[in-house]
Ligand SMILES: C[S@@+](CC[C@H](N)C(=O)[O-])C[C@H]1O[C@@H](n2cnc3c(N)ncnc32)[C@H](O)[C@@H]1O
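Presented below, as structure tokens, is a lone chain in the form predicted on its own.
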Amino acid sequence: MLKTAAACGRFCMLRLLNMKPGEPTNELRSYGRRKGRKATPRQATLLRDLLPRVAVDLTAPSGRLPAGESGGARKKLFLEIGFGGGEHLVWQAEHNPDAMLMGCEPFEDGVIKVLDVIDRARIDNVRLHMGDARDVLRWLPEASIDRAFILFPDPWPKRKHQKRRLLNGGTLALLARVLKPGAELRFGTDIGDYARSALEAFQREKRFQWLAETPADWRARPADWPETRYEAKAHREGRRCYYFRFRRA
């Protein structure tokens, strides 16, 4: 029985779900194009020279996690899947110097933006994977990630394409394996249907606890969750944004 107004707010959001058994087991590509404009000479140099130095080496043993320039391991390991223009990834790296930030992004233009900041600001606690994040999730050792972010992923709004959405039962199972007990997973979207389908997947994955007591917990962005360019665009176009936080049990 719901006893508090806080619980009522959470219950109302859960009532939006249309629970269906099962989850697609075939893993489809969850992103669109890989390249945009042709790289400038400087950008081509960053891709050729800098990216190999900061790339996650998936050929290395999975227990050999990325280290800083000095070779020392960071106290924490954060993972952002689909970092887009990199604003959030860089902010987290700058505000968490004791953490190593691993960012996955298949779109070359986004990777170039982060490489440019790494080069100009001499940031040494960011490592990148220009490809499918699920390859990294399978490579990582169990219980190795302290915090993970999936912020405003490709919504695939057409019904026939929704099976390509990244946040589904399969991806959550991979994340549950690599997140430490007590670690936090953050998910943001400006698409109400995606919010519902994601919560549906989380309800089936019992290793995650939704950290929401009132509607404000999923309507307001936390102070340490900086705005991305995609979120700003959603606000300009009048779309409501949803901010979900989950704890690995």
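The numbering used is simple: start at 1 and walk along the sequence shown. Just so it is clear, the structure is predicted and the values come from calculations on it, not from any experiment.
One more form of this protein should be noted, the form predicted in complex with the ligand, which is absent from this view; the next part is about it.
> Tell me, out of 126, 133, 115, 145, which residue has a non-hydrogen atom within 4.5 angstroms of the ligand in the predicted complex.
Selected residue: 133.
> Answer for residue 78 alone: is it within 4.5 Å of the ligand in the predicted complex, judged on heavy atom distances?
Taking the distances in the predicted complex, the answer for residue 78 is no, it never comes within 4.5 Å of the ligand.
> Would you check, heavy atoms only and a 4.5 Å threshold, whether residue 100 touches the ligand in the predicted complex?
Residue 100 lies outside the contact set for the ligand.
> Quick one: does residue 104 come within 4.5 Å of the ligand in the predicted complex, counting heavy atoms only?
Yes, residue 104 sits close enough to the ligand in the predicted complex that at least one of its heavy atoms falls within 4.5 Å.
> Is residue 229 near the ligand? Define near as a heavy atom within 4.5 Å, in the predicted complex.
Residue 229: contacts the ligand in the predicted complex.
> Would you mind picking out the stretch of 146-154, 115-123, 90-98, 173-181 that comes within 4.5 angstroms of the ligand in the predicted complex, counting non-hydrogen atoms?
Stretch with heavy atoms near the partner: 146-154.
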